[in-house]
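One chain comes next, on its own, written out as structure tokens in the form predicted alone.
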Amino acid sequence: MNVTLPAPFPISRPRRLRQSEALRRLVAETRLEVGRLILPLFVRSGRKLRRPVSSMPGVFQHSPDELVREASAAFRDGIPAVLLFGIPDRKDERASGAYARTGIVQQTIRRLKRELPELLVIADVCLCEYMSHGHCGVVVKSRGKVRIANDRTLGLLSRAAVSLAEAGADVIAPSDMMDGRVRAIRAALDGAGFEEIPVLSYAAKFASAFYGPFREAAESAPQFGDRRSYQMAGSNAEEALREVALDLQEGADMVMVKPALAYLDIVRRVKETFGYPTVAYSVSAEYSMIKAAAEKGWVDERSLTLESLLAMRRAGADLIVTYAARDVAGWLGDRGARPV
């Protein structure tokens, strides 16, 4: 019995769809959009102050008036949200500046919401910048050892969250990595009448060498020891998923993976497993390494930055926190969304 086989299809040539910028944009599977970027900003007291951060070219500690100016420019660029970190004038062992009504971040939020009401203001909730010892929780001594008192810290974090919500924050973002802090903060917000304020949890935050420049910018380096007793070990992917699951069960509305580039596998697994809005934090050293190499002429800053951020989107990040947000907005231009 003779069988007539169908004629073979012409040889496929994927390069046909790569021949022009227009074609490449047309078939792009992932897009980097300015509207998915969050700009971190540092604020300290003063007036007309823009203090450069030496390890982060282009990043400054701003006084409130200058921060409003920077946030306004970012909003005009199409960036919808800022993430605020405060540097207080005085630190103590109760982190009182974190929850004071007149705290530097609280003052700045009120001014931002008055002058730029459409901008989304995300308030980081942590104690390290406000603690005299630089740790993210209350420190106690027991049997000759120093440890972080997890449960005693939750009350301070909750007070800070409510204080920031009262100032007008649109989103509360706890970054401390204390156990149970999302539940405590959610209960405190609800009890104070802020049931509609969402919580963006730093759910999978790893103990990382990529935070070095940030600690200069936020003046938050620990005065002794390190943060490995509460931040996650970089070796543990399954633990990261458990941490995310716990935070969602406790009431988180969005979750963050930090750092981003070295943990893209975690970003992917978090998004695929839970399906919640997932944020990747492109942290300080990721930014600084590109800046430093670009200043040496070793890399193309624009191309490398865009490729790195696109990788985060491809991995599953819905939103990206990046110090390069305004640079990216300028590079993407009027299109605001493009394949890289």
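What you are looking at is a predicted structure, and each value in this text was computed from that prediction instead of being measured. Numbering starts at 1 and runs along the sequence shown.
Although not depicted, the form predicted together with a small molecule is the subject of the following passage.
- By the criterion of a heavy atom within 4.5 Å, C136 is counted among the residues contacting the small molecule in the predicted bound form.
- Contact check for V283: a heavy atom falls within 4.5 Å of the small molecule in the predicted bound form.
- Using a 4.5 Å cutoff between non-hydrogen atoms, Q107 does not count as a contact of the small molecule in the predicted bound form.
- Although the partner is absent here, V199 sits far enough away that none of its heavy atoms falls within 4.5 Å of the small molecule in the predicted bound form.
- The partner is absent here; in the predicted bound form, the one residue of L154, V244, A169, C126 having a heavy atom within 4.5 Å of the small molecule is C126.
- With the partner omitted here, the residue from R183, R227, R111, R269 that has a non-hydrogen atom within 4.5 angstroms of the small molecule in the predicted bound form is R227.
- Residue heavy atoms within 4.5 Å of the small molecule in the predicted bound form occur in exactly one stretch of 93-101, 244-252, 210-218, 158-166, and that stretch is 210-218.
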